[in-house]
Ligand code: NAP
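Taking the form predicted on its own, here's one chain by itself in structure tokens.
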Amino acid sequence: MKLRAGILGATGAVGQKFISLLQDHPWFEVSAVAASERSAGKLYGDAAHWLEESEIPSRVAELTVQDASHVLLDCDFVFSGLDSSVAGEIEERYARAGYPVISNAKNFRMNADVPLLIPEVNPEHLGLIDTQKWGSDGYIVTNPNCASVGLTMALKPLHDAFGIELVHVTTMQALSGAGYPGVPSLDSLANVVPFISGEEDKVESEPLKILGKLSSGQIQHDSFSISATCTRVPVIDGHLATVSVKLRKSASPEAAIRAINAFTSPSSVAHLPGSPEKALQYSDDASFPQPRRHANAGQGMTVSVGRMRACPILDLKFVCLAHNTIRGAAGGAILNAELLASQGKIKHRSEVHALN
């Protein structure tokens, strides 16, 4: 019997991506949906301004949208695609009621006892769940900001092999990262917006937690420095980043490429349904990677890296790309839930009540 997933913020762009990706999932099924008060009481098919290329799954279209602020959904766990303006209170209420909360929102990402999870990078950070104090069996697990994910995954093998001292990154972020209706057309068409509110702080801080070490129930954040400039560009999907790094141990571009090509997912992750065949892919093609051509690699879960070369100011520079709404949002959260389920940390609520 599949685990029943509730979707918080189900009518928004991230909520819709959850629903799209969960159709025919081998482990999970969408059993309940919740959104704002203005959508509550409507059938999901009537309430959602559907943005996905595929049709709304017929079973989900017939679900009645519930008020995310006032109810607890009938499900085994919840995915949260809520806006950060309301996510904190609602996600905490679910955790206190005993639900696993798999969140895409920023509210709890940097809390000391909350895993900021990329399964291929820091699965051991799930140990933090045992330190959370919600007064129940509930907990919160978050996935990183959509621009942080690709950067962190590209840095992981370099950090493991050579150590990182400094990072300078400029992101070119797709319009879909702003949700719907998103960036006004007169700002986005034939233009680049050189500022995204709050984004640079996330890119400069989140990788340090993700790449930190779990010791005695606490994350020791890594200590290298990141300088980020985040821009919005007229691309639909796929966050591209140009990255320069200073290494603690000298390495040639060829050695860095070997490290990236040698990277493999931990055995605990590689077998999961949402795990791509290659978490990282590298190409020597000088025009690689490009959002339109490569964002969907590995069903949108593979991070693409290219143009590794010597940097005349730091040590190395390269380009990386991640699909922002799949790997950087709903797909990453689903992979987090798969890892949790594989470790027995998500159960049918009937089993939970029986144990209690």
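Note that the coordinates shown come from a computational prediction; the quantities given were computed from them, not determined experimentally. Numbers for residues come from their place in the sequence shown, where the first is 1.
This protein has a second form, the form predicted together with the ligand, left out of what is shown; the following refers to that one.
Proximity to the ligand in the model of the complex holds for all of 11, 84 and 324, with the criterion being a heavy atom within 4.5 Å. Exactly one of the stretches 64-72, 24-32, 309-317, 294-302 approaches the ligand in the model of the complex with heavy atoms within 4.5 Å, and it is 64-72. Residue 105 is the only one of 105, 280, 101, 210 with a heavy atom lying within 4.5 Å of the ligand in the model of the complex. The contact with the ligand in the model of the complex, taken as any heavy atom within 4.5 Å, belongs to 177 out of 115, 177, 274, 119.
Contact annotation for residue 146: at least one heavy atom lies within 4.5 Å of the ligand in the model of the complex. The closest heavy atom approach of residue 59 to the ligand in the model of the complex falls outside 4.5 Å. Among residues of the shown chain, residue 90 is one whose heavy atoms approach the ligand to within 4.5 Å in the model of the complex.
Residue 109 belongs to the set of residues with a heavy atom inside 4.5 Å of the ligand in the model of the complex. Within 4.5 angstroms of the ligand in the model of the complex, the stretch 30-47 places a non-hydrogen atom from each of 35, 36, 38, 39, taken in sequence order.
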